[in-house]
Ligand code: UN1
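Just the one chain here, the form predicted alone, laid out as C-alpha cells.
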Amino acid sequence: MLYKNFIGGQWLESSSKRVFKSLNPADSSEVIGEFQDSDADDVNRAVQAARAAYPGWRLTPAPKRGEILYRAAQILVSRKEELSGQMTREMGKVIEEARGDVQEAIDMTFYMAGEGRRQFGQTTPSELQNKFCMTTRAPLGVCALITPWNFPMAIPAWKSMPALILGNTIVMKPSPEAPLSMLNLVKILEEAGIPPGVVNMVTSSGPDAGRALVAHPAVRAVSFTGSTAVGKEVAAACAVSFKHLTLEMGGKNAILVMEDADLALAVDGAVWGGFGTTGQRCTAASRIVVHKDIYEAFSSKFVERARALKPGNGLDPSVQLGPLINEQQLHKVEEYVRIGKEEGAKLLTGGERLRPKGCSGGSFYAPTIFGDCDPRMRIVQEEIFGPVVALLPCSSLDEAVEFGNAVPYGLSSAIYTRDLNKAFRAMRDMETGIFYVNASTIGAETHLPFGGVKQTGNGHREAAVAALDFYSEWKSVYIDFSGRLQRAQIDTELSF
C-alpha cells in the first residue's frame, strides 16, 4: 500500500516522487507499505502549513482543543487491537507490548485533553497598591517533533498532545523503520476534527528531511528522541537560532540487586528489563549489579529464564522475544558480543543469531548475558540497544551505587532490597531521572515526568505537567488600576 505525507490537511505525495519500503523485521519478505521519501521542499510546505494554521489554533479556546484530543483518545480506544497488530508487524515488538504502546498513547491523549481546562497560572500580590499580578502560559508556534521507531505511537503522542493542547502547531517526522504507527495517529487526529495545518507529517528514508526541519527558520521548538550522537547534532543546529529544544537520548540503565532482595522478584525484573522489546528501549536494564553473596544464585536463575524465552513473530501470543528492528541493528549487537568476549567478560548464554520457525529472514538474536563484568568494559559503558545484559558483582550498596553511576548516561535505575534504608539511600544517590524500588527500570507512567540526566538529555522532561513547561512560555502580567504612574522598586511609600 502507498502512504502519503499529511500537509495542510491533505494527503500528498512528496516533491521528489520517491518512496521507500517499510519491512516487517520478523519476516523481511513482507512489505508493510511504501512511504514518501520527503526532501527539504516537503518540509518547507509542512512548516508553512503549520505556520498558517497557528493563529487560528492559538486562539481556539483550550477546552475546545481538549475536546478534539478527547475524541482522538476515544478513537484510539476503539481501534486499539487493530493498531497494536499493525505496530507489531512494522517494528516487531510482541503483541502484548504493542498493546501497551497504544495504551500509552491513549493515556497521554486523555491526560492532555484534560489539560485544556487546567492550564493554571499564578496570581500574586504586588508590592504596589492598586495593582494586580498574574502569570499565563503562551504557546511557542510551530514545533518540530522527531521520533524513534521503538515506541512508534507512544512517543509521538508524548510529544504531540502537550504541544497541541497549548495551542502550538506541529510538524512530525517518524523514523523510516516504523512510520505507519505515527501515520495512524495522524489519521485519528484528522478524524477527531483537528483543523487543517495544525498537525502535519512528513516521512523520509534518511536524515535530510530531519535536518531541514530542525534548521527551518519558522520552527520555534524541536523535540527529539534518538541517539546521543544525533542529539548532539540537533543541539548544535538549534543553538544557531536559539530554538527551544528537548532531547531524550541514550541510556545504560542499572538494576542493583542487594543480598536481602527477593531473588525471584529480582530475576523477574531483570528478564523484563533486559529483554523486553528485545532490549530496544532507552530504559532497558542492560546492567545488573548483584551483591556477591547472591551472585551465583541470581546468575543461575537469570540465565535459566533467559534461555526459556520463546522467540518468533510477535503476533503469536505465546512469543516472548521479537526481532531486532533490522539487520544493521543485529550486526551492531553481534559486534558488541565480539567486543565483550575480547574484553574478557564471561558469556553465560546467548551470543548467536536465531532463526525461529515461520520467520523468513527475520533479525532475531538470542538473549545474551555476560557475567563477571568490569565497570570499565565497553559492553558495560556503551548503549547496545539489543538483548545483551552485563552482570557485575559488588560487595556493598556503596559499591553498587558507584558502579551504577559510572556511565555517561542517567535515565533510569532500580534497586531490589527489603531494607528501607538501602532503598532510600540508593534513591538519593543514583544519578538518574527515574528510579524504581523493587521494580525494573522500565514502566514509566504518563502522569509523571520522563527524562534523564548527564548525556541522556538536556534537562527537560516529557509527559505530565512538565511537558507543558517545554511547549509554552510563561508570560507575567501586571494590571495597574491606580490611575497614576507607579514605579516598581521606586514608589514604595504607602499612604493610608
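Here the structure is a predicted model, which is why all the values come from computation and not from measurement. One rule holds for the numbers: they count along the sequence shown, beginning at 1.
Below, we refer to the form predicted together with this ligand, which is not included among the displayed structures.
For a residue to qualify, one of its non-hydrogen atoms must sit within 4.5 Å of this ligand in the predicted complex; all three of E104, W158 and G443 qualify. Only one of A98, C282, I255, M201 lies close to this ligand in the predicted complex, with a heavy atom inside 4.5 Å, and it is C282. Residue F450 is the only one of F450, Y54, Y471, F35 with a heavy atom lying within 4.5 Å of this ligand in the predicted complex. Only one segment in the set 333 to 341, 357 to 365, 274 to 282, 311 to 319 has residues whose heavy atoms sit within 4.5 Å of this ligand in the predicted complex; it is 274 to 282.
Though the partner is left out of this view, N150 does reach within 4.5 Å of this ligand in the predicted complex, counting heavy atoms only.
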